[in-house]
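One chain follows as structure tokens, the form predicted alone.
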């Protein structure tokens, strides 16, 4: 797999504050890579460094294996680190025309990105007439100008309502399906889980965990089970080495088992021990729950 971004021991301190400390990451072609962390974890600083907005104190990063010049990789990476400064009295088309001129990109590409972001019908509307969701989609359109190989997005759904969040998510998913690489920082974990293939979790500027989303959510099996006198099942499960932890949830029992435990095996085990389960529901671990475990 082609390596798109490589970060090695990246460090940036502001006095005693470790914005980023000894960070090492790799992003490969076609990944939708989420950078997660609480406020002050170093997400925005990391993105600002790799886009050349902020200079690191030590460490290094390289785009496309250093196979492209500075001007080359910057043309192939579209970024949204801060809210773009659009002119409220200009139309969407004319605002993007200014962006295209600054980036030395063809004006002919404007209609394409307006169609991708579902803003083509408003191309002659003034920016001031847009809803917040539309303004964010216009920002995404500016990122897509020139059809870059990579998108770098800092909190792309920040402040949006559910409809606006869904619109931005669809744009990201659509570009990912074209084989584009997306790197995004976000605190909306449910959205990250929907669009990202890989994640890195930061805290205090340091890396806590990284990997595929499905691998990060893997591990122990969790079931919600119910039966008359369900507590009687705990001791046999413990003796058999199947139970790691348990917690009563009303009349149900939430149990954590070995990763290899299946619902069929659990059901048979209960029956063999004289208990007929009336409910056995696998509980999917969420990215949010895993994230909270990592950063607590």
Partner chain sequence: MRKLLNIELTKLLNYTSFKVILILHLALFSLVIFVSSQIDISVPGFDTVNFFRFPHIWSYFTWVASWFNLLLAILIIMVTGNEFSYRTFRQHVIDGLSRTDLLRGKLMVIFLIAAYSFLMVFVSGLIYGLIFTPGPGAMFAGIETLSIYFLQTVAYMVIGLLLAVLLRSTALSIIIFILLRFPIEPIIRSFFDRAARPFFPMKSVGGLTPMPEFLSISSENTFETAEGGNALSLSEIGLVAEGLPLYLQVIMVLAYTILFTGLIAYMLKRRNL
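Nothing here was measured: the structure is a model prediction, and the numbers come from that model. Heads up, when I say rigid core I mean the largest set of C-alphas that superpose within 1.5 Å between the two forms. Positions refer to the first chain, counted from 1.
As for the form predicted together with the partner chain, it is not shown, yet the points below apply to it.
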Notebook entry, point to check: Is every one of 137, 165 and 185 in contact with the partner chain in the model of the complex, taking contact as a heavy atom within 4.5 Å?
Noted result: no
Item checked: Which of 95-103, 202-210, 188-196, 175-183 lines the interface with the partner chain in the model of the complex (heavy atom within 4.5 Å) -> 95-103
Check: Taking heavy atoms and a 4.5 Å cut-off, does residue 82 contact the partner chain in the model of the complex?
Finding: yes
Margin query: So in the model of the complex, is the partner chain close enough to residue 38 to count as touching (4.5 Å, heavy atoms)?
Written below: no
Notebook entry, point to check: Could you tell me if residue 86 has a non-hydrogen atom within 4.5 Å of the partner chain in the model of the complex?
Noted result: yes
Next item on the list: Consider residue 90 of the chain shown here, and say whether it contacts the partner chain in the model of the complex, taking contact as heavy atoms within 4.5 Å.
Entry: yes
Margin query: Just to be sure I understand the contacts: of 54, 270, 242, 254, which is the one whose heavy atoms reach within 4.5 angstroms of the partner chain in the model of the complex?
Written below: 54
Next item on the list: Would you kindly say which of 48, 246, 62, 261 lies with a heavy atom within 4.5 Å of the partner chain in the model of the complex?
Entry: 48
Margin query: Rigid core aligned, does the Cα position of residue 204 differ by 2 Å or more between this form and the one not shown?
Written below: no
Notebook entry, point to check: Quick one: core overlaid, is residue 158 moving 2 Å or more at the Cα between this form and the one not shown?
Noted result: no
